[in-house]
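A single chain comes next, written as structure tokens; it is the form predicted alone.
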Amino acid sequence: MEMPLDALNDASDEALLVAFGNGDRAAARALTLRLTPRVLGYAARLLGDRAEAEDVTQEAMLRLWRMAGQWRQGEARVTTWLYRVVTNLCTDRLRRRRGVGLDSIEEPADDAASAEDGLARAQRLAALQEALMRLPARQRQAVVLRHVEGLSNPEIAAVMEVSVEAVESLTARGKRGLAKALAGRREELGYGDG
């Protein structure tokens, strides 16, 4: 039995997954539309490669659909489980491609209206992505989950399978590493003295 259309938007991720596990294809569509952009963005930030991030996102979503019938509501949040899967898939890919130079990582595309603004934004994003890629993998994961994906420290702890204190430490060290990597580039990146 399918959920009514108005209920799909208000349903929790967990309720949608359970509904799909019971054969509701509309619930799967709604959950896919809700989660895919977030997962894709997270994977792209960890990998620095949009095409690889798309592959990881597809694999993570397939894994979610395969286990939908066995999902036990209340044990974990769907997003926590999904971020954990994406983190593992990205870690595996990064291990396989060690030694790839930063120059070979494609810059993220930008759809800004002004060419000058677009170039400045692209330069900032590229500098941030380059700085992120210089961080140790665990620090990069914590920083991206916290400051880009907006997860709370307890949610990050569940995704990374560490304590909240470890998340706080990883995030703080990651932010210091980013600040150090970007130090002296304020003017170049268009931030001036302020």
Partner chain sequence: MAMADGKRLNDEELEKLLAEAGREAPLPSGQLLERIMADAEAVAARAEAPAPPSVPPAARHGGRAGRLLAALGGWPALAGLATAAVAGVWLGLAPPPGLEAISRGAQLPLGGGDYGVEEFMPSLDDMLTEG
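Residue numbers count along the first chain shown, from 1. Bear in mind the structure is a predicted one, so any value in this text is a computation, not a measurement.
What follows is about the form predicted together with its partner chain, which we do not show.
Trainee: Please determine whether each residue of Arg45, Met61 and Leu125 possesses a non-hydrogen atom within 4.5 angstroms of its partner chain in the predicted complex.
Mentor: Yes: Arg45, Met61 and Leu125 each sit within 4.5 Å of its partner chain in the predicted complex.
Trainee: If you check in the predicted complex, is Thr57 within 4.5 Å of its partner chain, heavy atoms only?
Mentor: Thr57: yes, in contact with its partner chain in the predicted complex.
Trainee: Any of the heavy atoms of Leu151 lying within 4.5 Å of its partner chain in the predicted complex?
Mentor: It does not: once its partner chain is placed as it appears in the predicted complex, Leu151 has no heavy atom within 4.5 Å of it.
Trainee: Is there a heavy atom of Ala28 lying 4.5 Å or less from a heavy atom of its partner chain in the predicted complex?
Mentor: Because a heavy atom of Ala28 falls inside 4.5 Å of its partner chain in the predicted complex, the answer is yes.
Trainee: Using heavy atoms and a 4.5 Å limit, would one call Ile156 a contact residue for its partner chain in the predicted complex?
Mentor: The answer is no: Ile156 has no heavy atom within 4.5 Å of its partner chain.
Trainee: For a quick check, can you give me the residues of 135-164 that have a heavy atom within 4.5 Å of its partner chain in the predicted complex?
Mentor: Result: Val143, His147, Val148.
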